[in-house]
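In the form predicted alone, a lone chain appears below as structure tokens.
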């Protein structure tokens, strides 16, 4: 059994609203080549297993792991798909190594969202087929209902949610991978086009194409491969029911359980004081506030005030989504969790460029699979 697991190589490609000049396979290949070069490994000789995160409905093909070996250099090697977010794939690779089954594993996630013509119709299949789907509830409508309930239960204001969009899109101005950077004012967000009351268009992440590949290794291999390994100190997940009738609307208990699992492994007792930065879900601006509270970074109803005070700015007490998050970088379907983990790795290596956080030592990464799921994952990374 391997006691510690590290991320020893990362690679990425795309990160643009549209990539008509390349296929998803070419995006994956480019990211994989960079990741293997970064890790100093040959996938054919050194990588023992491969994990891809994908949803067959989104991809348009079933048994999707049959479509990834070639571009990953994984021919005749173990490859399997995790029908979940990128952090679920990272957790799978982590377990393959911790169990002693493998020493080196590669994880891949990608988005070719610009190819999907009817995304709302596809994700509607995630809704309960008997009670919910016949109502034709748009995913943004469901998010608007959740936002309304969250505001009601916590006394959070629409202005505080809008400030998240202002902060994240402004942070994205310093991130060369971000597609939706903007210098917005609070009034710009509040007076922008409505989407599903009280949710506005500018508080909603837009899709982006791209791919991320990560190479994980056991401690003995990491010491040989990486000058600056990033250690996975803890990782947790929780998947609840997607039913709209049986869920909590103002809070996210599945995220609380995932965080508790990751914190226990990492030995984190006071997240606000022990974590240096966080890359967390902001598919919708209110979700960042909801996530902060569920992750134990603050009490219920306090996240909005922390954003107002500037505590989550890049130079604040706990920078949150210094990359720009999904609002600034773009929402990359199942690769979104890996996109956040990529940002954490770059921060912990001191390679984040203009948006580098000073003295970044421990990072928190969190993901959510989107409406209508109650499915999330949390990882604690350190250098």
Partner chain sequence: MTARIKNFPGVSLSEKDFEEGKILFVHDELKADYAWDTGIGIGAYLAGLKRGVILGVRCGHCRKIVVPPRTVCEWCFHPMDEYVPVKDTGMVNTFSLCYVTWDVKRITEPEIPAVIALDGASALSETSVIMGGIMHKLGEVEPKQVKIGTRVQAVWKPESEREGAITDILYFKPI
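Residue numbers count along the first chain shown, from 1. Remember, predicted model here, so these are calculated numbers, not experimental data.
This next part talks about the form predicted in complex with its partner chain, which is not shown.
Here is the short version: of 138, 256, 265, 114, the single residue with a heavy atom within 4.5 Å of its partner chain in the predicted bound form is 114. Proximity to its partner chain in the predicted bound form, taken as a non-hydrogen atom within 4.5 angstroms, holds for one residue of 185, 246, 121, 273, which is 121. Contact annotation for residue 331: none of its heavy atoms lies within 4.5 Å of its partner chain in the predicted bound form. Contact annotation: residue 33 falls within 4.5 Å of its partner chain in the predicted bound form, judged by heavy atom distances.
Within 4.5 Å of some heavy atom of its partner chain in the predicted bound form lies at least one heavy atom of residue 129. Put simply, residue 60 is close to its partner chain in the predicted bound form: some heavy atom of it is within 4.5 Å. Taken together, the three residues 176, 231 and 305 lack any non-hydrogen atom within 4.5 angstroms of its partner chain in the predicted bound form. The stretch among 313-321, 64-72, 345-353, 331-339 whose residues place heavy atoms within 4.5 Å of its partner chain in the predicted bound form is 64-72.
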